[in-house]
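Single chain ahead, written as structure tokens, the form predicted alone.
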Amino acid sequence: MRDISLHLLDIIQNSIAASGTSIAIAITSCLKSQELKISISDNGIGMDEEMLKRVTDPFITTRDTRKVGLGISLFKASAEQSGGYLEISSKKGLGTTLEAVFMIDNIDRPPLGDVADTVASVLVSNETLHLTLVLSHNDEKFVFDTEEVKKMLNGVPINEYEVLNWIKGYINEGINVTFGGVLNEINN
């Protein structure tokens, strides 16, 4: 995949397929360690120990519609190609957390991509999903929470076109402020 936001979209879709109703995304950059951490947690059905050991194998999937499950293995390969890693923790019935670390200064690190569009795309067909996005870099912190937005909307659906456009603009502004004003890259 050409950017990190596409990996995010794939992992979020996995969380929704695993009955996740609450998904927390955290994107954190640290210049001291030169790490960009991407964390996605859900409250879905989780995985047992056996599945957890095999989940990064591209030929393992829980879906009946196909025999391959490339999303997590591609996310892992992308992180490792940039000198980072991917870790997964999961408990059956409690949910799953993926944490991918990319080395910021590695030439093979994919760009962050359009995270705002990814979030809006997810909300189009998942109006009831509780999604939080936390961006942090040094002392800057940005938080987007669908439950807070829904309170402000006073009954207007979160997946209305105008609301989604506002959400995209709000998240893009958060990315620009948090990561230095460049959407697809982290400003050193």
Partner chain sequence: MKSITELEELRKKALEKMGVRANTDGYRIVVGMATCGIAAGARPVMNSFMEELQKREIKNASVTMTGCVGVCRLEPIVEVIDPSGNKTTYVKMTSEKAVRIVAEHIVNGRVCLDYTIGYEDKK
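All values reported here derive from a predicted model rather than from experimental measurement. Positions refer to the first chain, counted from 1.
Not pictured, yet referred to below: the form predicted together with the partner chain.
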Stretch from 142 to 150, 35 to 43, 129 to 137, 49 to 57 whose residues place a heavy atom within 4.5 Å of the partner chain in the predicted complex: 142 to 150
For A18, is any heavy atom within 4.5 Å of the partner chain in the predicted complex, or not? no
Do S22 and the partner chain come within 4.5 Å of each other in the predicted complex, heavy atoms counted? no
Would you please decide whether T118 lies within 4.5 angstroms of the partner chain in the predicted complex, comparing each non-hydrogen atom pair? yes
G169, heavy atom within 4.5 angstroms of the partner chain in the predicted complex: yes
Contact with the partner chain in the predicted complex, heavy atom within 4.5 Å, among G71, G95, P110, G84 goes to G71
Taking the partner chain in the predicted complex and a 4.5 Å non-hydrogen atom cutoff, the residues of 135 to 170 making contact are E148, V149, M152, L153, N154, G155, V156, P157, N159, E160, Y161, E162, V163, L164, W166, K168, G169, Y170
